[in-house]
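Single chain ahead, written as structure tokens, the form predicted alone.
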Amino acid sequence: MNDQAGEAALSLQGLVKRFGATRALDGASLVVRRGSLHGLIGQNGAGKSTIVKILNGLLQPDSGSIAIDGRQVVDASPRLIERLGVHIIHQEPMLVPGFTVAEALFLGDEPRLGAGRSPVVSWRTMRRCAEEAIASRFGLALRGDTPLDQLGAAERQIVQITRSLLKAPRVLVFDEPTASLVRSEANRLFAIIRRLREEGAAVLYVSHYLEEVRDLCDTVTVLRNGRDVATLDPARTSVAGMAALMVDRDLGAMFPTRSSLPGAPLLEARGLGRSGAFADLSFTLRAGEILGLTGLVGSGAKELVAALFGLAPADRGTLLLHGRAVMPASPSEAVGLGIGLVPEDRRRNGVALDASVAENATLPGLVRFVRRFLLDRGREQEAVRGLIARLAIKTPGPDAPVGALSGGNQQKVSLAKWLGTGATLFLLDEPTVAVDVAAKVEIYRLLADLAAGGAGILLLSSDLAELRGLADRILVMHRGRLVAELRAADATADEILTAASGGAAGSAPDGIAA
């Protein structure tokens, strides 16, 4: 442990930040001590993102003070903040488009030929060091020459985290770092964070995952309406207690009680496969059922969801929808079959941020509001107002841009657009990533209502508590194959993780590394 452990590494006192008439921060304070893990929690809109942007030098507070290692910081900039040893791990990786993994990791610190004396970059050394850095920290085999735009969200996040760790930071701020990581990767990150704490680093951990905060952090500050309303010991506080402080009310049961039994088969897969992605998948999803799906990166779970929506169609096997043979060759064909997809990266693929709530909610089924080649705005607005009420979307109105809404409300809009099409099969890819606890509860209740109405839901999630609390059954994939089917009510986290890690796996299909 560092001799300076316990000293204030980061101190924020009385921060106020206004945006017009809105106070994003209203006197918020917190102190992160050296050699400690300090959690920061709160609903979307509580002020967490504003604090992170101030710490990164992207925003200046209207009043209040910031001190790093006892030094008052005024007119901070990203360059100054990093020079003082503070590194931010953003929820959405801040990486240069078009770069490779190695280029992203060593930008500005590229290894040179001739023991560093040459101006010529040693590309071979850089690729090798990049691969070793990621493998040693996360156990992930990722080629250094892989372009970033070919990586999934989890892999991009791992690259960003590794880049910051290579800088030997004194203060690390993690902003939703596990939002796109599966459990095994998150556990490796937790081990790294704990090691950093033992080495004397100060860590501010911002997350919606209250179980993570409770298990990982030494101290937790709760934000509500721009103020710090509590600083507590998570070992002495329940997750429900933390959630109640965040929203100033009792949320009740996190997961809704579901009493109806699944009905007839809605979706049946028989020997479904796609070269290099997955093989011999057979399963049934019934009407009124929530079927969980999980697996580590590279398991083929995401590829399965993409195939069902026609993004990367299966090339063998049989798929039945309502007893009729189908095989969506494109998203438009899938939509025509009554299939809706809520993608993991909602901001890039789920909603159009600059478009209004109404435009997003009606886009897939816009033809319903066309009469004689003209759009009936009145009917469209009436339908949108009904969806806003049904999903409890918090918005100034149907014409408000979706980009101005919180993450949870953006996700509701992403769901709303499929409700308007009359979809009967919903494919959900990590539907509550970076969504606050109150919005999660609302989304869970909405999904339960959809299932009670006879819809079939395939829920791909790396949140084991979510799968166990919401799904009827859980399918586990490993290296392109289904290796376990578990009754959610009886499944343990150890069982799921063992299967996902290959404990119950068979041989890998053609084109997938064994």
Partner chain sequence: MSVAAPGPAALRGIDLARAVRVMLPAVMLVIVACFAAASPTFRSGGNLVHVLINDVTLPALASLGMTLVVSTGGIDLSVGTAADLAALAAALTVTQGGDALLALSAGLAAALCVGVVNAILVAGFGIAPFLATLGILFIGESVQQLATNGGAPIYVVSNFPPLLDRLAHGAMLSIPIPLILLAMLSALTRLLLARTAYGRRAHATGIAPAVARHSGVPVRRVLAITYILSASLCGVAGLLLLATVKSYVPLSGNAFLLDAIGAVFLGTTISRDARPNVPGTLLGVLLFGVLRNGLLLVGWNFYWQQVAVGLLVLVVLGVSFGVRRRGRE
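Note that the structure is a prediction, hence the values are computed from the model and not measured. Numbering follows the first chain given and starts at 1.
Not pictured, yet referred to below: the form predicted in complex with the partner chain.
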{"property": "Residue among Arg324, Lys167, Arg377, Arg83 with a heavy atom within 4.5 Å of the partner chain in the predicted bound form", "result": "Arg377"}
{"property": "The partner chain: the contacting residue among Leu142, Val239, Leu232, Leu363 in the predicted bound form [heavy atom, 4.5 Å]", "result": "Leu363"}
{"property": "Heavy atom of Gly350 within 4.5 Å of the partner chain in the predicted bound form", "result": "yes"}
{"property": "Any non-hydrogen atom of Asp436 within 4.5 angstroms of the partner chain in the predicted bound form", "result": "no"}
{"property": "In the predicted bound form, Lys417 touching the partner chain (heavy atom, 4.5 Å)", "result": "yes"}
{"property": "4.5 angstroms heavy atom contact with the partner chain in the predicted bound form for Tyr444", "result": "no"}
{"property": "Interface segment, criterion being heavy atoms within 4.5 Å of the partner chain in the predicted bound form, picked from 329-337, 316-324, 294-302, 186-194", "result": "329-337"}
